[in-house]
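Next up is one chain by itself, shown in structure tokens, the form predicted on its own.
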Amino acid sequence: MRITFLGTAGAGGVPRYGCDCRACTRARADLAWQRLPCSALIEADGQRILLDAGLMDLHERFPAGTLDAIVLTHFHADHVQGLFHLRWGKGARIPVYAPPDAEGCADLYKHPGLLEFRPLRAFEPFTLGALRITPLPLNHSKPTFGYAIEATSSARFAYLTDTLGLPAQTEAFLAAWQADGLAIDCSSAPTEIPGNHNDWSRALASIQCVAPRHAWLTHIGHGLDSWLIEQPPELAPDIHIAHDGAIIEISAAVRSAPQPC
């Protein structure tokens, strides 16, 4: 299973408009440090699945017929804004899987164009080709799902944005599921007061409880990037900070009985 981090930013991106913090200044000077809206591309078993649609150039990045489906974590603008251009395209309809949210975002439901919205239910798996995907409830200000994705190779990857900690049922599911890879919300430094997103400490605590083989921190804000510049912490070798454009390969491992958190 191949994962491409297309964007790794929290709302506002990096650099943030009008900000001269160390992270934003660095990102303006060097494009490698810029962060676009949080999203990822999953490629496995002949399927290409887009997780979240906040990138504004989706209609240019993905020519017609190159995506099998779009899977949304939730309907906040920075996770769906790219759909507003994409929907007016021509060609085959694109299935868009999402949490059940009667409000959605603006008029996407009223004028979906070529988008075909399909609501999901928590803990009820669905299949895309040979991929088995389980929606997992997260703690956020709108109905939000993370996703546990399993390929026919038995490789397992979980994608968990946006969230503040993990609901008990979701945490228990993931601890038993034993992910080979996990990407999790880590929006702010431990010196900041978290809102509806993990800070550094909460993200690491969730990783410890879920115990994936490897973890990537994503949905990163400029404040966290500045803190990482000024006070770079030591990380375990199996925990990584995601960056835009990073490509990772997830393979299956032999699984043992999970240990309680």
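All residue numbers refer to positions in the sequence shown, first residue = 1. Since the structure is predicted, the reported quantities are computational estimates derived from the model, not experimental observations.
From this point on, the text means the form predicted together with a further copy of the same chain, which you will not see here.
- Listed residues A122, A189, L128, L86 were compared with a further copy of the same chain in the model of the complex; L86 is the one with a heavy atom within 4.5 Å.
- Only one of 69 to 77, 129 to 137, 162 to 170, 149 to 157 places residue heavy atoms within 4.5 angstroms of a further copy of the same chain in the model of the complex, namely 69 to 77.
- For the chain shown alone, P237 is not a contact residue for a further copy of the same chain in the model of the complex, no non-hydrogen atom being within 4.5 angstroms.
- Within this chain, G12 lines the site of a further copy of the same chain in the model of the complex, having a heavy atom no more than 4.5 Å away.
- In the model of the complex, a further copy of the same chain sits beyond 4.5 Å of every heavy atom of A98.
- Using a 4.5 angstroms limit between non-hydrogen atoms, I184 is distant from a further copy of the same chain in the model of the complex.
- If you take 1 to 20 and check each residue for a heavy atom within 4.5 Å of a further copy of the same chain in the model of the complex, you get A11, G12, G13, R16, Y17, G18, C19, in sequence order.
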